[in-house]
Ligand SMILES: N[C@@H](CCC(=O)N[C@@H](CS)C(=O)NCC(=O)O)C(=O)O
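Below you'll find only one chain, the form predicted on its own, shown as structure tokens.
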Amino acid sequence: MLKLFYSRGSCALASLITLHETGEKFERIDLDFSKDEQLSDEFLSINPKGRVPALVTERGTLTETPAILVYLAQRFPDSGLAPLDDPFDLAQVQSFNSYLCSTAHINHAHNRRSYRWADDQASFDDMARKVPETMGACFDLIENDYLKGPWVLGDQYSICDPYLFTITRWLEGDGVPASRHPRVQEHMQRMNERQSVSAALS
């Protein structure tokens, strides 16, 4: 059985939603970051990065959201979570999810994880002030260029959608008003109506 290490409020929500979408049984293990449980010897033996998500499979542990999402889509092809039969369309999925991982998530982290890049409080404050601008710009691009329809790929729900939903949930805390991206907010509402999202958030 698959085992997902998870923490509330983290990007691991995208993997959790996707696991629910597959309909397969899995075990969810919650880590409390406020107690530094992700830095315990037990968890570090599973994921030396000390971060979530971490998906334990029969063949080993997978980390990083884009990798886990495409793995689940390929492992459970009947779920229809990615265009597996079209190399170009699948690459577009990877392109979008990589953008969320490498750009949007990093911009968000400058507000709460600024100690990864600097040591001085003045630097922390400067990075935090920049976050509304950088996150707003990321979602301007998503709103105007990447969101092709009711779902990221258009009419077809995919592994892009739970990942976008997860990061959209961070925007208010990052100082980006919901009114700035109405299509993204409509996407968020559609996601909230899915059974997989209700199951993950409960």
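As the structure is a computational prediction, the values presented were derived from the model and not from experiment. All residue numbers are counted from 1 along the displayed sequence.
In what follows, reference is made to the form predicted together with the named molecule, a form of this protein that is not presented.
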{"property": "Distance check, Ser10 to the named molecule in the predicted bound form, heavy atom within 4.5 Å", "result": "yes"}
{"property": "4.5 Å heavy atom contact, Gly50 to the named molecule in the predicted bound form", "result": "yes"}
{"property": "In the predicted bound form, Tyr157 touching the named molecule (heavy atom, 4.5 Å)", "result": "no"}
{"property": "Proximity of Arg113 to the named molecule in the predicted bound form, heavy atoms at 4.5 Å", "result": "yes"}
{"property": "Candidate from Leu90, Ala73, Cys101, Met127 lying within 4.5 Å of the named molecule in the predicted bound form - any heavy atom", "result": "Cys101"}
{"property": "Interface segment, criterion being heavy atoms within 4.5 Å of the named molecule in the predicted bound form, picked from 139 to 147, 171 to 179, 22 to 30, 51 to 59", "result": "51 to 59"}
